[in-house]
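Next comes just one chain, in C-alpha cells: the form predicted alone.
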C-alpha cells in the first residue's frame, strides 16, 4: 500500500512539475527521462543508473550545444504498480522525447501500454525478462518502442546455474524466487540448465518477506549446499543473513537483481562469498579514465549498470546531435544505430529491440565488496 500511495504522489508530482533538470527550461532545451527505482528498497540500482545518465548529459551540455538536454526523473520504485502511476505523466509530456529505462522488467511491463501509445523511444540498461522482446507474448512485448542494452535471462539463467555450482562436487540446489516478473522469468531459464538431478527444491516468496524461516527450514531439510535467489538485492540480504544465522554453510548465488554494492552492505558478513551474475562490466574496468571523471562529476564511484546506462543515454544524445528532436525521429535513429559503446563494442538493436551484446559476467562478494570475476563461460 505504501508503494501504491507513493506511486500516486509521484504521478501527481510528474503531472505538476518535472523538477530535476540539468539546465533551465525553454525552447533551447530538450528533455529525456530516466525511469527506475529512486526510492524504496531497490533505490541504489536506480541511483546508480541515473548518475550515469546525468554524467552523459553533463558531458554533452558542457560542449555548449545549440540545444541542451534536460533530465526528468521518474521514480517507479522498481514496482509495476508504481510504474503504472508514473508512466502516464512521462508519456503525456510532449517535451520528453525518450526514456532511459525502466530499470526493472516488471516496471517496464506496466509502463509499456502508455509508452507504446505515445510512441516513446525507450532504451533500458538493465531490464532482462525475455518476453519484453518476444512478439509472441503480446501483453509484455515492447515493440516497436522498447530496446535494451543487456543480454536477456535466456542467456543469464544458464550462466547463473553454471556459476552457482562451479567447483561443487555434488551440488544440491535449492532455488527461491520472489514472485516478480523478472524473478520468475529468470527461473524459467535457470532450472533447465542445472546439472541433472541436482535440483532438490524450490520456493516462491513475496518480494517484501521479512521472515524467511519457512524457506530456510525447507532448504535445511533438503540438505541443499547451493541456494540460488532470483529476486532483488534488498530481499536477498535478508534471506542470506537468516540462512547464515541458521547455520547454512553452502553457496549463495543470485542474478543481476542481487548484483549491487548495497547487497554487500545490507547483508554484511553473511554476503561474503556470494556468487552473482549480470550482463554488465564495471565502468572502471572498461575505462579507468572515464570512471575517474565520473567520480569527479557525481561524487561517487560508478555503480552497477553504469556503463550500460551511460551508453543508453549517449545513443539518445547522438540522435539529438544528429538533428532528431521528436519521438518519431529519435525512434527511427535508434532502430538503425551502430553505436560504439564505452567498452569499444558496437551496439545495435534487432527488429524486436534486443542489442547485439550477449555476454554474462560473474561477480563475487569479497571483503565486503562486489568484485568482477570475468565472463561466465
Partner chain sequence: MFSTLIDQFWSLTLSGIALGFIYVLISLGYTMVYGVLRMINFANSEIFMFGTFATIVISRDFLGNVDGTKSLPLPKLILTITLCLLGSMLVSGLVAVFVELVAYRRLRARGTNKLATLISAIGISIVLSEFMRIITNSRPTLNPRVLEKKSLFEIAGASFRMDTVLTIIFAAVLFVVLDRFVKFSRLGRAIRAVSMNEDASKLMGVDLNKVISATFLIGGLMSGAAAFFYTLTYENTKFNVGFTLGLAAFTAAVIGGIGNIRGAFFGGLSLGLVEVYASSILGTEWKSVTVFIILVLVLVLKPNGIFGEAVQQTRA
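Positions refer to the first chain, counted from 1. Being a predicted model, the structure only gives us computed values, none of them experimental.
Beyond what is shown, the protein has a form predicted in complex with the partner chain; the following relates to that form.
- Remark: all three candidate residues (44, 211 and 262) come within 4.5 Å of the partner chain in the model of the complex, counting heavy atoms only.
- At the 4.5 Å threshold, heavy atoms of residue 39 reach the partner chain in the model of the complex.
- When the partner chain is considered in the model of the complex, residue 297 lies well away from it, no heavy atom lying within 4.5 Å.
- Using a 4.5 Å cutoff between non-hydrogen atoms, residue 275 does not count as a contact of the partner chain in the model of the complex.
- Looking at residue 117, you'd find every heavy atom of it more than 4.5 angstroms from the partner chain in the model of the complex.
- Note on contacts: among 204, 95, 166, 193, the single residue with a heavy atom within 4.5 Å of the partner chain in the model of the complex is 204.
- Interface residue among 242, 81, 287, 198 relative to the partner chain in the model of the complex, by the heavy atom within 4.5 Å criterion: 242.
- Heavy atoms within 4.5 Å of the partner chain in the model of the complex are found in exactly one of 233-241, 297-305, 99-107, 136-144, that being 233-241.
- Residues 213, 214, 215, 217, 218, 220, 221, 222 are the members of 212-231 with a non-hydrogen atom no more than 4.5 angstroms from the partner chain in the model of the complex.
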